[in-house]
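Shown next as structure tokens: one chain only, the form predicted alone.
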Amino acid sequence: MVRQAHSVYDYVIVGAGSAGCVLAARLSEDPAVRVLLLEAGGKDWHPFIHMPAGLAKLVRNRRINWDYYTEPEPALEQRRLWWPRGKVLGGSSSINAMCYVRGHPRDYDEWAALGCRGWSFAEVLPYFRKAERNARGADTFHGCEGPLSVEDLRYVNPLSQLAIEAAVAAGYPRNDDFNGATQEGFGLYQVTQREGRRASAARAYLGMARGRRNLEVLTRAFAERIEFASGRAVAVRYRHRGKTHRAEAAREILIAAGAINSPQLLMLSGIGPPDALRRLGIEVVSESPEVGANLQDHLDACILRRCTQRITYDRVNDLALALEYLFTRRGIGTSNIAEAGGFVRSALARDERPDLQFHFVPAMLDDHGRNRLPGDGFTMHVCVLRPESRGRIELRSADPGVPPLIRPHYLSDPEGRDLRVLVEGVRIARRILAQPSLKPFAGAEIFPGAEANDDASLIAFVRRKAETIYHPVGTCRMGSDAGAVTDPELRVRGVEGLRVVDASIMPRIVGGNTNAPVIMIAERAADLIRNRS
């Protein structure tokens, strides 16, 4: 039985991840509107969420993680890859490695060229700056008055500094700001932290909106479908405490559930590939064949080496770490673990943009950290920034509680270019780790292993070990063409009163981590909704 909501809201937002938190905070700035924010997960009370290095302890915590798995991947030895996504206030911004990276300016100019008017770099830069509170201060590229705190790391492992020196020795430039005048080069990542604590979207945006009477945030509220009347989205049906409820929206419903859950909710509500919906007994509200299509992600390979000295994070004293962090907000507890990294333009790059990204971790990281290896070591991640492979999200069932089918189709591009670029990235990573600055610490190579030197063995390594680096996008693609799921104002085509605002609207994946771009998308969407853009 559906219990009627006590009141009608102006805006109902589904998902309190990075985008949903921004929307809730910005739209509720107007005291004349009522906003309801629905989150399937719980509150972000867990202390390991707020202590940056605690992310290593969150890996197995299913209470704050959707804990998704892909279908068997044909190009990766039929492996089912683990796709963690945040199921908590703040979404994945509450469990990620906090790297603040926007991508390359040309990524957004490319969006505009694809028919997404209003999304060129010159047009989105003000929204990046509006969101940002950069501890270095404001300049052409950065803001210092926004809700999202961006800081330099308070603690950096000596190995991370040496990895940067090694990259420079290997011929790559040093770069102290990946979001400045140029992206290419190696340096330390700036992070979404404030005074040594994680600055999730929930802390940054809901924190400033706390206490507003016109904003209601409801956790453990699982959206099941959108209701329509005469082609207009009018209400969200959701489960809360074992009962079904209905929240009406007088103005708009905003889906901000991410690249997996947003297309799932659209399809459960009758918007999607018509034949697939009918097979599951779902009434078609609007035929939209591309819902769930255009799935893109950054596929990542990890090069691991033993460390001959005990200076890594593999065997730290957890109690000492926690006490130092608790009383000083200093030390290893403030590390994001993936402290250093960089962007490289390989010989296979198609234009001036880097096509490879690196993250250096002063610890051994195998299978997302779930496989704990004995001893000490360090890891260099490398991922392909602009994959040409495309996958899809599909419904497994008409039951909202059944996870969707996730088919990334990694390395499926017909020319095999994604695989060649990733293998080149593995070679570059090995060359960096072999430089003199790291020689006093570098022991035997664990993966791929010293015997893996030719193309065939490196390809086999990629197929056996490559994993996601957590950047799925594109499944509710925006564009001006009739096939796009959303238009350039993020309105869902074929219906009224419904928008999607999250990583799923990206027509092409950006060249870097995706959290900062999603926050920018939501900042701009809030202005579009309020007709301020």
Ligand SMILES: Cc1cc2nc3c(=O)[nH]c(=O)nc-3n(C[C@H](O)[C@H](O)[C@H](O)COP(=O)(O)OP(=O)(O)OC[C@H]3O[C@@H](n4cnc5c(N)ncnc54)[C@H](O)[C@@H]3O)c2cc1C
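Treat the numbers as computed from the prediction; the structure is a model and nothing was measured. Don't overthink the numbering: it's just position in the shown sequence, from 1.
Unshown form predicted together with the named molecule; subsequent notes refer to it.
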* Asked: Of these, I393, A256, A163, I271, which has a heavy atom no more than 4.5 Å from the named molecule in the predicted complex?
  -> A256
* Asked: Would C383, R463 and A466 all count as contacting the named molecule in the predicted complex, using a 4.5 Å heavy atom cut-off?
  -> no
* **Contact stretch among 205-213, 96-104, 422-430, 343-351 - heavy atom within 4.5 Å of the named molecule in the predicted complex** => 96-104
* Could you tell me if N261 has a non-hydrogen atom within 4.5 Å of the named molecule in the predicted complex? -> yes
* Asked: Could you tell me if A53 has a non-hydrogen atom within 4.5 Å of the named molecule in the predicted complex?
  -> no
* Verify the contact flag for A40: yes if a non-hydrogen atom of it lies within 4.5 Å of a non-hydrogen atom of the named molecule in the predicted complex, no if not. => yes
* Can L148 be called a contact residue for the named molecule in the predicted complex at 4.5 Å between heavy atoms? -> no
* Give, in sequence order, every residue of 508-530 that has a heavy atom within 4.5 Å of the named molecule in the predicted complex, or say none if there are no such residues. => N513, T514, N515, A516, V518
